[in-house]
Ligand code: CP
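Just the one chain here, laid out as structure tokens, in the form predicted alone.
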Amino acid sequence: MKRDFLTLSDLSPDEHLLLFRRAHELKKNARQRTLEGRSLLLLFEKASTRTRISFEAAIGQLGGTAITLPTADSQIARGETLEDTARVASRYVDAIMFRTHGDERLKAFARAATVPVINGLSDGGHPVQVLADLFTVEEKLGETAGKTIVFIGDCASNMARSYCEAAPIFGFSLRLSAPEGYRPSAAELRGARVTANPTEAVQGADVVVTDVWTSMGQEAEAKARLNALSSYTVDETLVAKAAPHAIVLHCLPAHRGEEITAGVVDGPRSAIFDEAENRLHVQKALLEQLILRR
């Protein structure tokens, strides 16, 4: 039976541990041809840099082939249903990565597909990115269990919501710092602490995370968001309040001078570009797990 990866909860804690163990192996020995002759469809409704490149490179380095299709270039743009596209594509490829808007679109597509579907980003979460983030935490600081991670800024974002989902799975404490109106619903918190004060939030933290204040599709809200979040910039002064060994993560692209300063992005605490690289290694392990049913 096929397995999808739409949310972090689609894998058990033990499966996440095995995934990270395999990702470490693949990072040391990049080109293992375990997916020779397999193919992956990358279906995009939203723009992408890291997701596209990392998935194309991942399947290629494992011996397979990527087919990249923006939906604007497909028959979806002319009215073909997601379900019909999913059914047909499933007869051509071994897995599908779908980067979309609403989570209902993602679920509908996955229900119709007969091969594994991976969430490459949706309004409700960005699980492949958070996997790479937590793999980076493990790589830099040891196991994620027992660590304190702080998310600063727009905590109603898909990234912050995936962090809320991840905390009980991976056993870390999560603090969120955001103004009213930029926080997850109470049901989504899953034990995360929320404060309006970013200085209070970062005290002694092991990891400081932020993301853009205006995500794709929110451009009309940009001015209001900038005003509401202007005191939540991750700068050198704020990072200094975290633990001496703390690292800083950002999924990129970064708006330097808004949610994070250039000095932090390029500074000694930054693990941002290692985090970006780790998308490749974690997604290789994920593709193996789903396609080979490991």
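All values derive from a computational prediction rather than experimental measurement. Residue indices: 1-based, along the sequence shown.
FYI, the form predicted in complex with the named molecule isn't displayed, but the following is about it.
Of the stretches 22 to 30, 259 to 267, 226 to 234, 40 to 48, only 40 to 48 has residues with a heavy atom within 4.5 Å of the named molecule in the predicted bound form. Not displayed here, the named molecule is kept clear of Asn119 by more than 4.5 Å at the level of heavy atoms in the predicted bound form.
Looking at His126, you'd find a heavy atom of it within 4.5 angstroms of the named molecule in the predicted bound form. Taking non-hydrogen atoms only, Ala243 never approaches the named molecule to within 4.5 angstroms in the predicted bound form. Although the partner is absent here, Arg279 is a contact residue: one of its heavy atoms lies within 4.5 angstroms of the named molecule in the predicted bound form.
Site annotation in the predicted bound form: the residue of Leu62, Leu238, Cys251, Val248 reaching within 4.5 Å of the named molecule with a heavy atom is Cys251.
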